[in-house]
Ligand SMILES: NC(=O)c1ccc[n+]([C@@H]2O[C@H](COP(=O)([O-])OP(=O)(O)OC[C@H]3O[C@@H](n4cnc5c(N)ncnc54)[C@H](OP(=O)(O)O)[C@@H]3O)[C@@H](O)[C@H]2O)c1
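What follows is a single chain, given as structure tokens, in the form predicted on its own.
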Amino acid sequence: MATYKALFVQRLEDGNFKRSIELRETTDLPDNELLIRVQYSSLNFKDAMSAHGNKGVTREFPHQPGIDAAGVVEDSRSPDFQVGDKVLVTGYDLGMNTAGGLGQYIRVPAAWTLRCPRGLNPKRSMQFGTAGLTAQLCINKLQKMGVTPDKGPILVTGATGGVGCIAVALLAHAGYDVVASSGKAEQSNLLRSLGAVETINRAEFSEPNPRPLLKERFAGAIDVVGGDTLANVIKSIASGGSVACCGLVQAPNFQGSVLPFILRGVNLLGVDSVEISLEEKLGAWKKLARCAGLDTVASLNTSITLKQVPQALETLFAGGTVGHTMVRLGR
């Protein structure tokens, strides 16, 4: 048994939720195969939703959130992992209804766990986190559909958020002309430093537009926003192009026309980073590992301690976060 620190979310009698750093015991963790000492985690909007009591993310409280974790195996009942292995865990039920990575220990199934690929260690992997994994999965799908740099510019919506920022950096590194859409005009210089060739205001796409088709502007897009933005982005994709959809910052639903699909052959690609197979996750992580030397990705990260997490989640929940936030969980 070990005592450790964790973000602990409790439901109060008045229905509100309290977020605080508490001492926990490893015996409180679920009875799974791997006990992992978490060295690094990262913050995602799903963590903020869990910490604010969103029942679509977390059903039972009190709870230890954190959908990302990377660290070292301290105890293993699995033949596939040894004590001392450097590992990372993202997605599945981690941080949703299973104690997550915003604590110094987790106990998880081996089937959720990957060894850090060559080129990544726990710190470097959490500089990407689920945001980077999602960005890479979006790029993989676009490339599978033939969206290559020579086809034309790529739009990234929500470009100052975690997924958006990393997507801009990865796409630019791969040779794409990236157009970054954001509501934070003051961050245009940041987006250009990541490799964006153009920045545009999110208002260009965020309002309803009754026209079934708009000017063909982009060979492809990565959309983290959903809602009217996604509908307008689809209308703006060139013939044969594709949109990788991975978020719902604006809204989970959208209203559109079939015309972009049947007149331009546009493809709408759903991207899931949670329940996909370990094999597919590993393939994406290996690609990220080959980009691990990207100074731009490291520059996107704000590094905080566990003590700073409650306030950082408040900022994230209110839409005030720029870039990606990595959490140090060392003792």
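We number the residues from 1 along the sequence you see. Quick caveat, the model's predicted, so the values are computed rather than measured.
Beyond the structure shown, there is the form predicted in complex with the named molecule, which is absent from this document and is the topic of what follows.
Q. Of these, 24-32, 37-45, 295-303, 280-288, which stretch puts a heavy atom within 4.5 angstroms of the named molecule in the predicted complex?
A. Of the stretches listed, the one contacting the partner is 37-45.
Q: Counting non-hydrogen atoms within 4.5 angstroms of the named molecule in the predicted complex, say which of 236, 160, 199, 136 makes the cut.
A: Looking at 236, 160, 199, 136 one by one, just 160 meets the 4.5 Å heavy-atom criterion.
Q) Given that the named molecule is left out here, which of 86, 124, 184, 151 has a heavy atom within 4.5 Å of it in the predicted complex? A) Selected residue: 184.
Q. Counting only non-hydrogen atoms and a 4.5 angstroms cut-off, does residue 267 reach the named molecule in the predicted complex?
A. Contact with the named molecule, no.
**Q.** residue 250, heavy atom within 4.5 angstroms of the named molecule in the predicted complex
**A.** Yes, contact at 4.5 Å.
Q: Verify the contact flag for residue 309: yes if a non-hydrogen atom of it lies within 4.5 Å of a non-hydrogen atom of the named molecule in the predicted complex, no if not.
A: Output for residue 309 is no: heavy atoms all beyond 4.5 Å of the named molecule.
Q) Just to confirm, residue 64 within 4.5 Å of the named molecule in the predicted complex by heavy atoms? A) Result no; residue 64 lies far from the named molecule in the predicted complex.
Q.
in the predicted complex, does every one of 224, 271 and 316 come within 4.5 Å of the named molecule, counting any heavy atom?
A. Result yes, every residue of the spot touches the named molecule.
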